[in-house]
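Single chain ahead, by itself, as structure tokens, in the form predicted on its own.
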């Protein structure tokens, strides 16, 4: 067995999962399973934190191999996590070879969603939550428009390479601004609360909070605390952006007390 390829494949699987928002214990478990297929294995040690992966593989009568992989900009891609899990299970189950597993993981790494798909998903989330919160036809239409503006803000922020914290503030200001515009158009027929809450949902760090709890319960306090801090910063960025947007635009655009 090509131990270098085995190590590279395991690290690639772990990197893809971590980049996609998987819990650190799940990443460690996947890497362990892949490295565990090595022949004449003496030991395999894996350490995963939010910002990197470290692994060591020792085969009998061979020098130990260690790799460290730095991981930046963690996002959320549950579909990719499922795909990596599937490839890992098929490889460990003997359904595919090591070379095929690496090829499939490499293809998965190169697969990215188009910006139009991402924007449509953002709009869909806004409209979906508006329905969930009992929004009327006015709120649904407004959520569609605000969601589209939010998608534009996110795309512009990424194009300008804003830091994640600044991007959250920028996008939240956009949500506040667009919601106030919609309130100006629909007047008392539209609830600002429903539209604004629905349209910040794509920014809310739900996965980060969930993973923080799960990592902590698994005994990985370092990753749990780091994810909790990440969630807190995102929530603070959203709240700050909404506050700035309301302070800047509500009095100016809704001058006359049209807010309800």
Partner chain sequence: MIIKFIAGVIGAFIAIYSFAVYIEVPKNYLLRAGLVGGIGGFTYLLSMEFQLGDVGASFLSALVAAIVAHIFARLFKAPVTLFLIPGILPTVPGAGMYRTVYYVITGNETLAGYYLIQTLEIAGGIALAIFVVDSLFRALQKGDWKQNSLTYIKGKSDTPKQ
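Rigid core: the largest C-alpha set superposing within 1.5 Å between the two forms. Please read these numbers as outputs of a predicted model, since none were measured by experiment. Positions refer to the first chain, counted from 1.
Beyond the structure shown, there is the form predicted together with its partner chain, which is absent from this document and is the topic of what follows.
Report task. Determine which one of 78-86, 141-149, 96-104, 182-190 lies within 4.5 Å of its partner chain in the predicted complex, judging by heavy atom distances; exactly one does. Result -> Contact criterion met by 78-86 only.
**Report entry** One residue of 47, 229, 235, 67 in contact with its partner chain, assessed in the predicted complex (non-hydrogen atom, 4.5 angstroms)
**Finding:** None of the others qualify; the residue that does is 235.
**Report entry** Contact test in the predicted complex: residue 55 vs its partner chain, heavy atoms, 4.5 Å
**Finding:** Judged by the heavy-atom cut-off of 4.5 Å, residue 55 is well away from its partner chain in the predicted complex.
Query raised in the report: Taking 4.5 angstroms as the cut-off for heavy atoms, does residue 225 touch its partner chain in the predicted complex?
Result: Because no heavy atom of residue 225 falls inside 4.5 Å of its partner chain in the predicted complex, the answer is no.
Requested in this report: Although its partner chain is absent from this view, report whether residue 42 comes within 4.5 Å of it in the predicted complex, heavy atoms only.
Outcome: Residue 42 belongs to the contact set for its partner chain.
Query - 4.5 Å heavy atom contact, residue 59 and its partner chain in the predicted complex - result: Although its partner chain is absent here, residue 59 would stay clear of it in the predicted complex, with no heavy atoms inside 4.5 Å.
Report task. Tell me whether 12, 161 and 170, taken together, all sit within 4.5 Å of its partner chain in the predicted complex, counting heavy atoms only. Result -> Not a single residue of the candidate spot has a heavy atom within 4.5 Å of its partner chain in the predicted complex.
Query raised in the report: Along 98-121, which positions have a non-hydrogen atom within 4.5 Å of its partner chain in the predicted complex?
Result: Those in contact are 110, 111, 112, 113, 117, 118, 121.
Query - Is_shifted residue 193 between the shown form and the other one (CA, 2 Å cut-off, rigid core) - result: Yes; that C-alpha moves by at least 2 Å between the shown form and the other one.
**Report entry** Large Cα move at residue 119 between the shown form and the other one, threshold 2 Å, rigid core
**Finding:** Yes.
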